[in-house]
Structures are given as C-alpha cells and as structure tokens.
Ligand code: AMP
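Okay, here we've got a single chain as structure tokens, the form predicted on its own, with questions on binding and movement later.
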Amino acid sequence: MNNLEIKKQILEKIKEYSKIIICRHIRPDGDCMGSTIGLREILRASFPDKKVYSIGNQKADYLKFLPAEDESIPESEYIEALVIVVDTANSDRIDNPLYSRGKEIIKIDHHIRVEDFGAINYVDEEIPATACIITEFYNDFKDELVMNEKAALALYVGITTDTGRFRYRGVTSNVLRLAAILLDYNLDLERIYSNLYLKDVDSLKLQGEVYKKFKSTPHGVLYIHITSKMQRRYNLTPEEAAAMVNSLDSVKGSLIWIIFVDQKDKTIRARIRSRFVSIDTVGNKYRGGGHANAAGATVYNKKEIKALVLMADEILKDYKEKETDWL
C-alpha cells in the first residue's frame, strides 16, 4: 500500500470519530510539539463539531510561545476516542499512559521503524520531521482540511527544529515546498527564531564551560557530562543544559558529539549527534533511539557513560577506516 492510500485511510478514520486525542513522546522537542499542536489545530478548524485534544505530561519551557496543549481529561474520555500518536517510534516513549485506552490508535512518525503499535502505522523514514508529514497530509487533502496561523506556526517550528534550520541531509526540495506552504500564514520568522535560539547570560556561561571541559576519544568523539552541580551553578534546567549539544558540532574530524545531562529523577540523559556517520544503534542499545544522525539515550552511572562513549568511538573508528571523504 502506498503512502497516499495510508493517508486516505487516516483521513477516513478522522472523519469517523467525534473525539480525537493526539499524543506524542516524552521529553518533548520542537517536532513532537509542533506536530501535535499543528495537527490539533488543523482538525479543529476542519471539523468544528469534533472534540480534538492534544495531551502530554512533560513540558518544554523553550516552546511556551506555541499554543498550549490541553489539560488532562478523564480516562473515560478515551474509550470511544481515536488516538493519534505522532513522532514516537515505540510505545514505551509515549508521554500519556492513557493512550492505549483509545478505541483505535494511529501512529504517524518519521523515526526508524521500531514498533507498529497502531491499527494504522504511517512511517516515512525519509522525511526529516513529523511536522513535514502533517503538513503534507494537509496539502494532500487541502480541499477537505483547513490550515490556520496557529497550525502553521506549530508545524513550521517542528520542521525548522528537526532540520537544524534546514541544514541537514534530509532537507529536500519537497521539504522546502512544505515549509513555504506554512509561510503563507503570516509567520514572523524573526520572532520564531528569537524564541528558539536566543540565550540568556547563564546559558552562555555554561556554554563557555562546555568549550573548556569537553573531552575527546582517540578517534574524535567529543563528549561532556553536565552534572546537577553545574546546572545549579548556572541556574539552568536539564532541558536548558541539554540544548548545549550542538555547541560541539563544528570541530573538524569529530563526527560524533555527545552531551550527558543529569536529570531530576537521577538518570542521565544522553543526546547523541553526528554528521555522515550513523549513530542510532548507540541510542537503541541504551534505552533510547532516534535517527541516523540524531539520537537519544538514558544511562544510570559513569560506568555506562564510559561504555556508551566507547561504543561511539568504535563506530567512528570503523567509519574513518572505510571512508575518506569526511571533515
């Protein structure tokens, strides 16, 4: 079955239900929030008689400028509802334990296919953001669906954050055309980028410490552990500290970089990034996952940090031995 046929099935299911609940993954980022809110706003505008909710538990302070998600609703509301889970590869990362109470579940995602937990599973691994999929879904059925400024804002934020402001390999002419559709809705790009990328003084000071203290493996994996003590020193949340990951993205010969951040629940979150070389296997091994060049993981102690870094170093060693055209 081709992608258009699957999308037609999704649209028919949406039409069938009077209540739709949209969920996304834990530790929300721009794409999952943009996809969730964007899809909600499209469906609310297109089907004003339906009840449409977007619900998640964890929040992302840097995305407060987007329209807010909905408050939690009673478990009984799920029983006759269609649940749509976006931007989530596997069910144990869904940030809403009630999702499984839905009458039917649809999965819409762009991560490497790990688990088909929906009655309908639409996964496009070639597209760089789930927000692109939602925008394309709207565009395929624009005679029946309605876009508005709230939806366009959320979806544009999802696309721009997951593509690194359109810098990554997954960006194609189609991705740019989809973004252009959203720009027709009076978006203030300067305000969007200011909300996403401006830093306060404490963040800059921590970034300076990252530059001073990062370490390198024998084959060029860069990494740093931002401890709870460092976060307290600069009065930053774990989410704000994790945003430092791309501080290490521009070092010649270092194709993998990792930032470890202590969490409030005593776990340690790893954000793993790369250029050219695939690192999703690292995330998959350590309680996470993601894309070929952007993955996440969870470790519990310094021993696991060391093991994860060693695994990444071996991957980079193998890549450099086989490939010569890298920077």
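Because the structure is predicted, anything quoted here is derived from the model rather than measured. One-based numbering along the sequence shown.
Quick note: we don't show the form predicted together with the named molecule, though the next part is all about it.
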Going by a heavy atom distance of 4.5 Å, is residue 282 a contact of the named molecule in the predicted complex? no
Is residue 55 one of the residues lying within 4.5 Å of the named molecule in the predicted complex, judged by heavy atom distances? no
Hey, in the predicted complex, is residue 287 touching the named molecule, heavy atoms inside 4.5 Å? yes
Quick one: is residue 25 in contact with the named molecule in the predicted complex, heavy atoms, 4.5 Å cut-off? yes
Under a 4.5 angstroms heavy atom criterion, identify the one residue in 294, 66, 299, 43 near the named molecule in the predicted complex. 294
Looking at 121, 228, 148, 90 here, can you tell me which has any non-hydrogen atom within 4.5 angstroms of the named molecule in the predicted complex? 90
Non-hydrogen atoms within 4.5 angstroms of the named molecule in the predicted complex: do 19, 101 and 107 all have one? no
Taking the partner as it appears in the predicted complex, which of 90-98, 67-75, 137-145, 200-208 has residues with heavy atoms within 4.5 Å of the named molecule? 90-98
